[in-house]
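Shown here is one chain on its own, the form predicted alone, set out as structure tokens.
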């Protein structure tokens, strides 16, 4: 066999494909165009003489050859990241500060494991959460109060602030198993007109379901607020209304059949989270490691 064409960028691409299950989302994660990513895959398939994933499947399914290369990718990328962390710590002493602000009630489901990983990787970095739910986290970054803000929707460019994509996620409509809507293939905006939308106590402009699904259709539902995700789900399960939440926050309840998740619209509602970072900190090794950990765990 000819010399292997595998490079670190190919391994990153393969890992992104396995994590996201989508060519488009994998391309976003590794910062290449979908056509460039497809070209990488085609070159690898030509070299190995075997397809790496099954075409026309959603989510994307890797072949046996693809799965083997993904296993290799995870091993090599993990070892590479560990070596780079150690070198960066030798050079810089591994110290720093990372104060995090969030405008997302459910973000802690994935944020806390990423913070735990950062503490393990960078024990000398002072890590903290800016107290309370933040409605304007970008202002905290600009004012020097926060070093990273987790935000919905890409904001307009601001001097001295770098914005990076974290990951894409699906917002699901959540209904009671006894609600007639549970039998529908997906929910339409009109389904919210006769039911109460149960949500966190935030301005409706901050809710994905309102901003991207209901408002464009001219629907303004009745609302009831609850502070905690489990309280929202309990109200939905008891037939008090319907909700719309990120898939990651409700998966255990869906698996138990406590509530039912439905796509919002025939194509589903896909949303994104971003990180806003002071330009002066965006290249710090511990910041890069933290961003990569979030992307890899999402």
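Here the rigid core means the biggest group of C-alpha atoms that line up within 1.5 Å when the two forms are laid on top of each other. None of these values were measured; they are calculated from a predicted model. Residue numbers count along the first chain shown, from 1.
Keep in mind that the form predicted together with the DNA is missing from the display, and what follows is about it.
Exactly one of the stretches 61-69, 24-32, 249-257, 269-277 approaches the DNA in the predicted complex with heavy atoms within 4.5 Å, and it is 24-32. Taken together, 106, 110 and 131 are entirely out of contact with the DNA in the predicted complex: none brings a heavy atom within 4.5 Å. The shortest heavy atom separation between residue 48 and the DNA in the predicted complex exceeds 4.5 Å. The DNA is not shown here, but in the predicted complex it comes within 4.5 Å of a heavy atom of residue 38.
Scanning 42-76 for heavy atoms within 4.5 Å of the DNA in the predicted complex gives 42, 53, 55, 56 in sequence order. Residue 22 shows a C-alpha shift of 2 Å or greater between this form and the one not shown [criterion: core-superposed Cα displacement of 2 Å]. After superposition on the rigid core, the Cα of residue 244 moves by less than 2 Å between this form and the one not shown.
Remark: with the core as the superposition reference, the CA shift of residue 281 between this form and the one not shown stays below 2 Å.
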